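Single chain ahead, written as structure tokens, the form predicted alone.
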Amino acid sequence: MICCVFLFIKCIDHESKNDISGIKYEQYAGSSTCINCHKAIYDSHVQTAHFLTSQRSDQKNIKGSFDPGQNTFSFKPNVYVAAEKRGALFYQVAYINGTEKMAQPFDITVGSGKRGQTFLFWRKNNLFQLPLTYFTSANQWTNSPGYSNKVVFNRPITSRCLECHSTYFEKISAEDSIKEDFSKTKIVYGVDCEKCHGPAAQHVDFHQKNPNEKKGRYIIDPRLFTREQSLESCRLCHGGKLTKSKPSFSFTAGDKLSDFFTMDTTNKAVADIDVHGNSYGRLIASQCFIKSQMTCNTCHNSHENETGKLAVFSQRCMGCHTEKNGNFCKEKAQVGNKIVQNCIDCHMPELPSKAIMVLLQGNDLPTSASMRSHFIAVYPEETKKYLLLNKMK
């Protein structure tokens, strides 16, 4: 991998550097405090899949239906789970031969709903996954991935899971404890402003007391990151399986990932890297990445919800691929100016994931979620399909 200068320091005022080994809930301000000075960015960011990747469950953020006839999934002919509203609360309820056997509440919604949502519930201070997942492309309840034909309410959620679907959960059990206990109140849901800019309580306090100070103090500025720092901030959650060597939520943007995780140095073939969970691994194998200084932020604006905006992403491709540079798409002669609207479906198609698979009702074989491939390349079959639909007459 091409690396910039190895300056693995935080882009933060030296006088305010936090003790990253012991970040506490009190150091977070909450993204709602950002609205006072950064309203436009805040209003945009709260619409993103990152921000919505975890929330306290309520009727607004549970996508699946609770209507009779649309609210169940059968695991076996005599075993099913129903999504039910009881009073003001929502539950997943397991039935065997028509008799209720277990009911647990929707406490936390995980996922924006772009691909789907899964759900967690509290049992004392432990978190567990509920057996039903909402699968967006089929608009139905399915088994949670990996549940097969078994109904269980005892799949534990770990701090490493939460690290990628939230900004902060405070763990209250010992680090070496097998069972992880979490505070129910010391939580920062979603991947919010402080995931990339660091805990901001000191920043907010300083600027409230010094409103004329224009330089952002006591805050991380990712614009000042080296290429490696920028990539590793995203790799934390989009870099495949990482084995932590320090407690979850110790890493903050700008840190050196290998100080917190045991890194897998195996060079895997692209075909062996799933499209879900390791976008980083596929990206760094791409010639676009190898021959440039691009990072994730070259294409992604983390402050904007750009889901499905293929023309926007295509314009970013054409920041490098131009007729003047001699590397523009050769299919323009067949497609014409339509080509500028969509580089993505040809060179970064959606492919089935082997990691995220669910059983649709009535099917014996699992269905894969489709994810955008981050291995930028020529996909001949996808090109054929695109030309068939868009070739000039």
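Predicted, not measured: the structure shown is a model, and the values here were computed from it. Numbers follow the displayed sequence, beginning with 1.
The discussion below concerns the form predicted in complex with heme C, not included here.
S.K.: Do all of His165, His303 and Cys320 end up near heme C in the predicted bound form, with near meaning a heavy atom within 4.5 Å?
M.R.: The answer is yes: all three residues contact the partner (heavy atom, 4.5 Å cut-off).
S.K.: Please name which of the stretches 265-273, 71-79, 95-103, 186-194 has residues with heavy atoms lying within 4.5 Å of heme C in the predicted bound form.
M.R.: Result of the contact check: 186-194.
S.K.: At the 4.5 Å heavy atom threshold, is Val358 in contact with heme C in the predicted bound form?
M.R.: No - in the predicted bound form, heavy atoms of Val358 and heme C never come within 4.5 Å of each other.
S.K.: Would Leu89 sit within 4.5 Å of heme C in the predicted bound form, counting heavy atoms only?
M.R.: Leu89: no contact with heme C in the predicted bound form.
S.K.: Indicate whether heme C has at least one heavy atom within 4.5 Å of a heavy atom of Asp58 in the predicted bound form.
M.R.: Asp58 lies outside the contact set for heme C.
S.K.: Is Glu180 near heme C? Define near as a heavy atom within 4.5 Å, in the predicted bound form.
M.R.: Looking in the predicted bound form, residue contacts with heme C do not include Glu180, since no heavy atom lies within 4.5 Å.
S.K.: Which residues within 92-130 place at least one heavy atom within 4.5 Å of heme C in the predicted bound form?
M.R.: Heavy-atom contacts to heme C in the predicted bound form: Val110, Gly111, Ser112, Gly113, Lys114, Arg115, Gly116, Gln117, Thr118, Gln129.
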